[in-house]
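Before any questions on binding or motion, here is one chain by itself as structure tokens, the form predicted alone.
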Amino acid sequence: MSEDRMETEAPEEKKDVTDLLLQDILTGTLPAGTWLKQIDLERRYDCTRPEVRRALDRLSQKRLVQHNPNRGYQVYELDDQRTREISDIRVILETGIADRMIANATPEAVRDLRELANVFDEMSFRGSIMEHYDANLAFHRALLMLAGNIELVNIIAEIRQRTASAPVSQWRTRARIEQSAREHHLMVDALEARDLPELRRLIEIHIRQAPIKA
């Protein structure tokens, strides 16, 4: 191989172990309650023991992984109370900025949100679990970004991650997937109509996964 070719070819970038582990937790590949043996993670992600430990420590700080002294690491298993508390926090934050979302909802923004809602619909039938999950995140991030506060958007994104294995826990049935998709479109309708009470109502329903009442 020539020196010129060696200089132009960049080595393939290795993905961060934390991101790989996080992805497997969020998609339910590693379900809640799973014990995380370091030697198994080394093999799974083709990495070193220090990389595994750093990833586990980082996710422990986010409360996605639990460290049990003398036993090891485990994917965090939420109890009902903690799940409700996380939902309460999201409802407070997301409904609290709904007025800003409406104020900044230009026709272009509404159009883009409709397109993202359509992508979620399509991924529900044709995409992988990760593509479906990413489509959901993309819709919600675009909606929240209308509030114009990037730090708050990032905080909400971190809080969402604490409800681990989201695609598995949120979309257990086809009916639940279809309701989530319908709620996305209804939120865009409320945004376009500048109907603040309705947007707040739909956001709370969506977070708590409550049935929609006319």
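Residue numbers here begin at 1 and follow the sequence given. Predicted, not measured: the structure shown is a model, and the values here were computed from it.
Here the subject shifts to the form predicted in complex with the DNA, a form of this protein not shown in this document.
Remark: Ile155 does not count among the residues lining the DNA in the model of the complex, judged by a heavy atom distance of 4.5 Å or less. Contact annotation: Arg71 falls within 4.5 Å of the DNA in the model of the complex, judged by heavy atom distances.
In the model of the complex, Ser60 stays away from the DNA, with no heavy atom inside 4.5 Å. Of the heavy atoms in Thr48, some are within 4.5 Å of the DNA in the model of the complex.
This chain lacks the partner; the member of Arg160, Arg182, Arg54, Arg44 within 4.5 angstroms of the DNA in the model of the complex by a non-hydrogen atom is Arg54.
Contact with the DNA in the model of the complex, defined as a heavy atom within 4.5 Å, holds for exactly one of Leu64, Met187, Leu36, Leu146, namely Leu36. Residues of just one listed stretch (23 to 31, 146 to 154, 174 to 182, 36 to 44) have heavy atoms within 4.5 Å of the DNA in the model of the complex: 36 to 44.
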